[in-house]
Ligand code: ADP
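Presented as structure tokens, the chain that follows is alone, the form predicted alone.
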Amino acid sequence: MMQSKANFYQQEVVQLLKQVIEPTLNNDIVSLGMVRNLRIVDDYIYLRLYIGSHQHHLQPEIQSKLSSLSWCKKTYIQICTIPGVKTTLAVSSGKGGVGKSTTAVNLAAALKLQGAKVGLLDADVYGPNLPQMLGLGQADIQVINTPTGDKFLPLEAQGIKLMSVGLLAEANRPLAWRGPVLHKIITQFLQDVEWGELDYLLIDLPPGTGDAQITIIQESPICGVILVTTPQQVALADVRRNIYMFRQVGVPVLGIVENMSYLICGDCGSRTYIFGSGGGEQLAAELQAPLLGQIPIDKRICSGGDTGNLIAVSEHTSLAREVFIEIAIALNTTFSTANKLNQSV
């Protein structure tokens, strides 16, 4: 009987929370994965609210909605946010080698071209390559004192702020960290970086569905994930497992980026689908999520990543560059209401 009553209360709370709409994405805060760790204990409601820096108005709305519950003595809301960061997006893949980090850094550069303030959190603990892709060598991380305690100061390159786990390791040494140490490092990077004011923070996740990925997803206010895949079926199978992980915690999938989609003949311009075709479209249809872009194979993407000369900003005649810009415009259009509101304050 007690369990039945608790379940009824839980359902009642969830239905009220679904009436709170996030205006930028025009969806309710439950469907957007913003409400987590909901618990009801002795007629008290406890929940975590994962939000961006422009969304604090949601807290009083939630309190107002739940105040209608006659049985509830008090609602406790724990705000989980990254100070100064409006929109946090994850870039993820089911397997390594599909160009996830390359996509993340070029999307960051393309968003910067749209006039956005952008940060990159390189949380790929097994292959942190973003410093090299931005043209940064080995650099010491500075720690500064702030009113809220000591904070890491991110590096900056090409107008993009960067924090990377690779900056903590010795050059050419493996990052052989066990679970508890890994958890502590990731949590610190989410909570103790002085980003300043950012429109977007892109988190480059490790590939797969392990401890590191789950920790980042559970501890950060990610409002959506971009999934990177290649056209072949084996890559799609791994992405499906990734999708299940995100759905378990309620993080929405914003769309699919298909990398290495085709090779363009330099002489005739025809397309050769080296890894097959239609994989990204198939996945997008399954997910009912948009196919954000199909990035062709281009040796300048690789060479640009090696030298810090990103194709998104350096090759003005490149089709790959155009695709990255189109994806950035689509993302910026989705979140522009929040950015404009925040800029006008």
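Keep in mind that this is a model prediction, so the values were computed, not measured. All residue numbers refer to positions in the sequence shown, first residue = 1.
What comes next is about the form predicted in complex with ligand ADP, which is not displayed.
Given that ligand ADP is not shown alongside this chain, does residue 287 nevertheless sit within 4.5 Å of it in the predicted complex, heavy atom to heavy atom?
Close contact is absent here: in the predicted complex, residue 287 is far from ligand ADP, nothing within 4.5 Å, heavy atoms only.
Is there a heavy atom of residue 276 lying 4.5 Å or less from a heavy atom of ligand ADP in the predicted complex?
No - in the predicted complex, heavy atoms of residue 276 and ligand ADP never come within 4.5 Å of each other.
Residue-level contact is defined here as any heavy atom of the residue lying within 4.5 Å of ligand ADP in the predicted complex; does residue 102 satisfy this criterion?
Yes, contact at 4.5 Å.
Would you check, heavy atoms only and a 4.5 Å threshold, whether residue 133 touches ligand ADP in the predicted complex?
Because a heavy atom of residue 133 falls inside 4.5 Å of ligand ADP in the predicted complex, the answer is yes.
Has each of 29, 55 and 221 got a heavy atom lying within 4.5 angstroms of ligand ADP in the predicted complex?
Checked in the predicted complex: no contact with ligand ADP for any of the three.
Using a 4.5 Å cut on heavy atoms, which of 40, 297, 51, 35 is close to ligand ADP in the predicted complex?
Answer to the contact question: 297.
I need to confirm a contact call. Of 160, 260, 245, 186, which residue comes within 4.5 Å of ligand ADP in the predicted complex, counting heavy atoms only?
Here the answer is residue option 260.
Heavy atoms, 4.5 Å, ligand ADP in the predicted complex: which of 297-305, 40-48, 60-68, 278-286 makes the cut? Say which one.
So the stretch in question is 297-305.
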